[in-house]
Structures are given as structure tokens and as C-alpha cells.
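Presented below, as C-alpha cells, is a lone chain in the form predicted on its own.
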Amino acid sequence: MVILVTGGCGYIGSQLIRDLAVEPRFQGITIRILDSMMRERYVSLMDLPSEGSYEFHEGDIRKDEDLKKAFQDVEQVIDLAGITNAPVSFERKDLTVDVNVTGGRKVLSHAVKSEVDRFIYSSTASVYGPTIGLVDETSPCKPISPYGETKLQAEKQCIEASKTSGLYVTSLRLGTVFGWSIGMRFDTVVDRFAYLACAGMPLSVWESAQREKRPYLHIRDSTMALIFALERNDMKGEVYNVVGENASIDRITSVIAKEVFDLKIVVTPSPNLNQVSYELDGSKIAGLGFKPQHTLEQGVWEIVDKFRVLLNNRTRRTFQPNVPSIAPELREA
């Protein structure tokens, strides 16, 4: 069997291709990775598990010729390809639309033509936008960033394809992913804060955001959720929230403070941007038997541990660079 992982060298993808290889139920499969290498994460292809049988295709999901090669003999697809980072997506809206929506449509088209058995789409809780309270899959979606808007459009394309073509599609709306992978991102709250703390730089947060809650998900739980959906026969045409913990900034900084004892937090006044606190309801997928296994504490420890030498020796630092506020990222999960 061939499983195609688009965006397989990204933050989640780099961990997923490793977890698939060591999963006993997937022994003997070929893991085919398609990635444009826009972020140049070549390290994601290094030191792959010896248990895995891998193929790598450097290609663009917007190009039919690249997709045609990548889809040869494919039976299952996990679609992780796309432009991420909600705040930055305002600055690169055209690219975000082109990749996430146009490219996503092409991936779907090739999946339908290839008659694949499973198509798992990695969506995001950012599709909900400025909602409030406990949010389930029936809650209205009003994304406020190009990233959230394009992920919602691509998700709708997936569900529509399931209805019109019979393609087995499942969409997972992941909370903000955190924790260490070889293809790290440091533009999300937990990962960014853990890095800044280890580097001896202050964490700058908006006063209004301290106790607002957002959904978070450990990276290993995100990959386990994708694999869980890949194996099910009763998730066709459905959307599922996936969350490990709904946490506030106060909660995140308190966890980091247990690992970094001289943590500095700078609370700055913030304008009224109608920010709201919300929690993601993950009971739908939990009803099928999926349960996150990793905590916020584990994710923070993993990142801090990677910077342990820096943390232990940073008293030698002679300067403190200016640190931009993380606050804009808190507008969305």
C-alpha cells in the first residue's frame, strides 16, 4: 500500500511520516512524501526510521504534473500541504489562497481520479473565528484571517467531493499544535514562548489575553488523530474537532515558569479588539475512541530540553534583542 503525505516535511508532516513508519499496523507500506520545500526543511528527511519504506517527491500541489507523479498507485492520502500562520497570511493573501484553495482543489481532483480509499484533510480550529464559549462542529464558522478563510474553503471542497464523487473524506479541525518535531515551527504561542524563555527574552503578552482560552494540541496527538482517522470506516464526510487542552496564556506561562525559573513576563495594555475566549469541544471524535495522550507540560518540557544548553549558559549573554509581541497570534487558535 502507498500512503501519500502532502506537506510531509512540515511541522506536523515531519512527525507523521515517522509515526506511520513505526506503527505496527502499517508495516510494509510505502510512505510517499510530497513537499515543495518552500520552507527548506531538508532536515525533515534526515534520520528517518529504518522501519519505513519512503519515497520523496519534491513538487508543488498547484502543478498537475507533480501531482500526477505523486498519485501513482496511491491508496490513501493525508493532506497537510498548505500555507500556515494566520497573522502573516494577511501579508501574503494571494499566495495563501493560491496554495490552500487552488492547490487543495487540485489535490482533491487527483484523489478522485485515482479512486483512493481514504482522504484525510488537516483543517484548523481557526475556521471558527471570533466565537465564544464551548465550540463544537455545528458552531458557525466566521474566520477572520486569510489562513482561516482558505482552510475553511478547502475543507468545504473536501466535504463536497465526498458527497458528489463518493470519495472517503474526513476533515480534522486541529487546535494550535505545540511540542517538538524535527520540522519545528516557532510562530505558534507555546513553541514561541518556550523558545523565548530559554533564550532569556521576556514574554510580551496583551493584558486582555492573559485569561482568554484557546484550544491546543500536542503534535504527537495531532499525528495520532490523523492515523486514527485513516484507519476508521465510520468517519466519511464528517468534520471533527481535535483538542488536547483549552488553555489560557496564564496557564501556558505558568507551565513554562516551572521549567525556566527566571522567566520574565511583560504585560502590556491592549486595545479593545473584541477578543473573546472560547474552548473547543472534542467530544465527537472522543465518542469514537480517540483520546489525546500528551499534556501541555510534556510539550513545553520537550522544547525546553532542546534548548537546555542555551538555557544553562545564557547568563553569558551581553544583550537583549527587541522581542515583538506574540499578541496578534492570539486572535485565532
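Here the structure is a predicted model, which is why all the values come from computation and not from measurement. When you see a residue number, it is the position in the sequence shown, counting from 1.
Just so it is clear, the following notes concern the form predicted together with a small molecule, a form of the same protein that is not shown.
With the partner omitted from this view, the residue of T102, T188, T131, S248 that lies near the small molecule in the predicted complex is T188 [heavy atom within 4.5 Å]. Between the options V177, A197, V169, V243, the residue in contact with the small molecule in the predicted complex by a heavy atom within 4.5 angstroms is V177. Taking non-hydrogen atoms only, P146 never approaches the small molecule to within 4.5 angstroms in the predicted complex. Although the partner is absent here, R214 sits far enough away that none of its heavy atoms falls within 4.5 Å of the small molecule in the predicted complex. The closest non-hydrogen atom of A81 lies within 4.5 Å of the small molecule in the predicted complex.
Taking the partner from elsewhere, R32 is found to have every heavy atom lying beyond 4.5 Å of the small molecule in the predicted complex. Only one segment in the set 301-309, 285-293, 260-268, 36-44 has any non-hydrogen atom within 4.5 angstroms of the small molecule in the predicted complex, and it is 36-44.
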